[in-house]
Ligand SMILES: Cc1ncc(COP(=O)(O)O)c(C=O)c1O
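In structure tokens, the next block holds one chain alone, the form predicted on its own.
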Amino acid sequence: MAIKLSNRIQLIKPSPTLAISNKATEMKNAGLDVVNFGVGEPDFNTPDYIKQAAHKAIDDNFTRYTANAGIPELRKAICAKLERDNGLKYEPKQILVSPGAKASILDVLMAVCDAHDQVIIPVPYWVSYPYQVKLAEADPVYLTTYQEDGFRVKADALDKCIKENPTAKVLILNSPSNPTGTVYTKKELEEIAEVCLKHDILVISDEIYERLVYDDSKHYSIAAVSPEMQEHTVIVNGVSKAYAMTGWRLGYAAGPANIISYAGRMQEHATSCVNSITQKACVVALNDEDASIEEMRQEFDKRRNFLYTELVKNPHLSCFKPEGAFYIFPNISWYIKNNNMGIRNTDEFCSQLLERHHVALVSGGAFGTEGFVRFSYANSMENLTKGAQRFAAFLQELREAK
């Protein structure tokens, strides 16, 4: 017989970033030369000093279950990192180590949200936020930001949004941002914090791209605004992006002890502990960082500058220059409105670009913003050059078909 699926799972759609990457992989396997700007994953290898720590953990037979919240030495290392880099003091009981930052966010949402609580999500957003909110049976509330403002949440707009949504309980804030590369200043975070404190809003601050900032931008955590704001914030971070450890699957949450405790209870009955070898390797990653981490950041910066320069050469395209992360989010809305090739939205734009020129991008619709596309410049200079040329050729086709 056919078993009816849950209403909950029918709300969840496949990840657009993984879907485009899978399609690009299929085309590559068929022998096509595809440039994939889809998945946000460093193209560097995990640094040797971290891999050596993992080998040692295996040789020492550190291969059994650990404490659900993470081994004590890792939680201490995370506390030391937060104090060293962010000026924030936490105790190990305020740290939850999870199998990826994504799991940390979901655990926290499950711990704090009841059915139909409202969670404010700035748009553009990372693709998983709305679905994670829905899994927690809460309701996403979308707060639009604009390119001319650097895709930043404005305090007055946030205040208005909260007043219009009486069960608002949580704000998800992502700085540096995926997909825009926006980095909030200290002053901007202070203004947002003032609004959140006034309305007793919890902030889930996704800081996974913290180490990847450029030019004069500096990462600042909203939790560092004041002791009161620290009590209204759960920081989510991890090792995937800065340390090129995406496949190791380790993220963490830091926040008020009661929230972390109940998020940990959720994890106990879902995924349980992160694998023991990854945890040992991450202790070394955080405590004994070498020059390779900064070298990766500098290479990303070089790629960012190159790709931005190439993109803005295209007529009728505008682009915010990213301040952090490794994404760029150009506005191609003119080409959607002015073409005779039947392309009506960014999904169709990306599909045609992949089919005709073998370049994989993620449609802005995946991030809640029609008229934009996302490039990941976590890619080689050779591919950036080739991909930018093919992208420009496609735009020229669209102009000529007008």
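We number the residues from 1 along the sequence you see. Here the structure is a predicted model, which is why all the values come from computation and not from measurement.
Although it is not shown, the form predicted together with the ligand is what the next lines describe.
Peer 1: Considering the ligand in the model of the complex, find the one stretch among 241-249, 81-89, 219-227, 113-121 with heavy atoms no farther than 4.5 Å from it.
Peer 2: Only one stretch qualifies here: 241-249.
Peer 1: Let me know the one among Lys102, Arg304, Arg211, His232 whose heavy atoms come within 4.5 Å of the ligand in the model of the complex, would you?
Peer 2: Contact check passes for Lys102.
Peer 1: Heavy atom within 4.5 Å of the ligand in the model of the complex: which of Gln279, Asn174, Gln94, Asn314?
Peer 2: Contact check passes for Asn174.
Peer 1: Would you please decide whether Phe320 lies within 4.5 angstroms of the ligand in the model of the complex, comparing each non-hydrogen atom pair?
Peer 2: No, Phe320 sits far enough from the ligand in the model of the complex that none of its heavy atoms falls within 4.5 Å.
Peer 1: Answer with yes or no whether Asp107 is in contact with the ligand in the model of the complex, where contact means some heavy atom within 4.5 Å.
Peer 2: Because no heavy atom of Asp107 falls inside 4.5 Å of the ligand in the model of the complex, the answer is no.
Peer 1: Taking heavy atoms and a 4.5 Å cut-off, does Trp126 contact the ligand in the model of the complex?
Peer 2: Because a heavy atom of Trp126 falls inside 4.5 Å of the ligand in the model of the complex, the answer is yes.
Peer 1: State yes or no: in the model of the complex, is some non-hydrogen atom of Asn178 no more than 4.5 angstroms from a non-hydrogen atom of the ligand?
Peer 2: Yes, contact at 4.5 Å.
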